[in-house]
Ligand code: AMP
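Before any questions on how it binds or moves, here is one chain, the form predicted alone, in structure tokens.
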């Protein structure tokens, strides 16, 4: 699939001496794993090249994968190849300088939000960008090397973005590529231990949220996390956002939403679903993403209530057309 595009990406990596990698703001495991993993593949395959990661924020959740190293200077962008991973639109790139290089490549698996890049390799059906990077390696084994550190970063991103290989988009190819990474010698037990552990206070916070979950008439589950509540428990924005998973097993609830108040009073929304496509709804509220996993932003409690009402209406119609789903 997309063999010509993948070959052209490797050609460009070979052509440039300086390569700079970026990903989206508020990164998840896929964004971090794909940038770190691709950086390690390039370093191992082309030792003479200068490889930088340039991003404005970080993720505590997958910090065990390691840091991104020193940032490039403005001069480093002169005649540099820039690769942006896992980022549908330019407004979400965690690097204000991403367009300052000589050539730009986009590698992404989101529904197209913003067309950019001299080369754009987009496969919306993929479970993760990490899966795409694993495939990039497999189809170019004669030109690339896969060190264990790269394999671990990529595997961690595949695991997190696929919901432990449960979400829509997980295919036989996903599992075959994951097996290849396991065969590369990764510490699979260690990765799962890191991903599954959390601080005691974070666990208490999650427990306190259970009683705050609400359901709409047609079964949309939603949860609101205020800044005051988050700071009282000393919980990061990232940890608060992950609380959306608390609602995924409620029977009859096929859409679940978490509203997280930001410091600037805007409200970050995480939308998740079983079977129902929520990406169009997210797009109507300053967001986007995948069919069943998207993000959005609202700017008032009235707008928040409107989004909930729209989600309820969507679920009502979906249940009429698909009776019997749990």
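Residue numbers count along the first chain shown, from 1. Because the structure is a prediction, the values reported are computed rather than measured.
FYI, the form predicted together with this ligand isn't displayed, but the following is about it.
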- Query: For the chain shown here without its partner, which stretch in 66-74, 263-271, 32-40, 49-57 has non-hydrogen atoms within 4.5 angstroms of this ligand in the model of the complex?
  - Reply: 263-271
- Query: Any of the heavy atoms of residue 110 lying within 4.5 Å of this ligand in the model of the complex?
  - Reply: yes
- Partner proximity in the model of the complex: residue 233 to this ligand, non-hydrogen atom cutoff 4.5 Å: no
- Does this ligand come within 4.5 Å of any heavy atom of residue 286 in the model of the complex? yes
- Query: According to a 4.5 angstroms non-hydrogen atom cut-off, is residue 298 in contact with this ligand in the model of the complex?
  - Reply: no
- Give a yes or no on whether every one of 18, 97 and 100 sits within 4.5 angstroms of this ligand in the model of the complex by heavy atom. no
- With this ligand left out of view, choose which of 92, 206, 149, 168 has a non-hydrogen atom within 4.5 angstroms of it in the model of the complex. 92
- Item | Contact set, 10-24 vs this ligand in the model of the complex - heavy atom within 4.5 angstroms | 24
